[in-house]
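To begin, one chain is listed below as structure tokens, in the form predicted alone.
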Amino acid sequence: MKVPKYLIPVITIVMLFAGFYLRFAFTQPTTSVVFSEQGDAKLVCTVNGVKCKGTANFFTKMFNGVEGISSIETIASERRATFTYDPSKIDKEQIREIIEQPIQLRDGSSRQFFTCVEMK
């Protein structure tokens, strides 16, 4: 069976467009937590250590009860965390400090799990 010459480029183009539009299915928020309705400033951080739903959930729990943080949305596939916060109560550097704080382990030791690579 002979394949027409135009079929392979057509299939390639269709697959490229399908891949482009399907990428939105894989960039949906991994976690989305709203702590309060106060705060209007946004901060987008690239965070090493946010790799899957489990680490994203653990990451957002670190900010539970932190005054000034309104909401956090994480996308693990892009290692991205978006914060909505009140700049009169907390600033960007304080958020970075919380991200990079060592986590106490059950054996009594501590380890830094998350590193803020970029802040926008």
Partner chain sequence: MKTRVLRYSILTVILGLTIYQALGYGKRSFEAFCPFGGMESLWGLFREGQYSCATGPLNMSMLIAVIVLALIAKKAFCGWACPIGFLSELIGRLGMKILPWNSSVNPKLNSRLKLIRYVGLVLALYFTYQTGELILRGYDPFYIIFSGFGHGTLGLVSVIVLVIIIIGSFLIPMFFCRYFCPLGATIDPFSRLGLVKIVSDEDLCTECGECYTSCPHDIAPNEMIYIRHRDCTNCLECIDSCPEKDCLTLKVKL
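Positions refer to the first chain, counted from 1. Here, rigid core means the biggest group of C-alpha atoms that superpose within 1.5 Å across both forms. This one's a predicted model, so the numbers in the text were calculated from it and none came from an experiment.
The form predicted together with the partner chain is left out here; the points below concern that form.
With the partner omitted from this view, the residue of Ser77, Gln94, Thr82, Ser36 that lies near the partner chain in the model of the complex is Ser77 [heavy atom within 4.5 Å]. With the partner omitted from this view, the residue of Lys42, Lys61, Lys53, Lys89 that lies near the partner chain in the model of the complex is Lys53 [heavy atom within 4.5 Å].
In the model of the complex, Ser71 stays away from the partner chain, with no heavy atom inside 4.5 Å. In the model of the complex, none of the heavy atoms of Pro102 sits within 4.5 Å of a heavy atom of the partner chain. Gly108 falls outside the set of residues with a heavy atom inside 4.5 Å of the partner chain in the model of the complex.
The closest heavy atom approach of Thr12 to the partner chain in the model of the complex falls within 4.5 Å. Of the residues in 1 to 18, those that come within 4.5 Å of the partner chain in the model of the complex through at least one heavy atom are, in sequence order, Met1, Lys2, Val3, Pro4, Lys5, Tyr6, Leu7, Ile8, Pro9, Ile11, Thr12, Ile13, Met15, Leu16.
A movement of the C-alpha atom of Gly108 falling short of 2 angstroms is seen between this form and the one not shown when the two forms are aligned on their rigid core.
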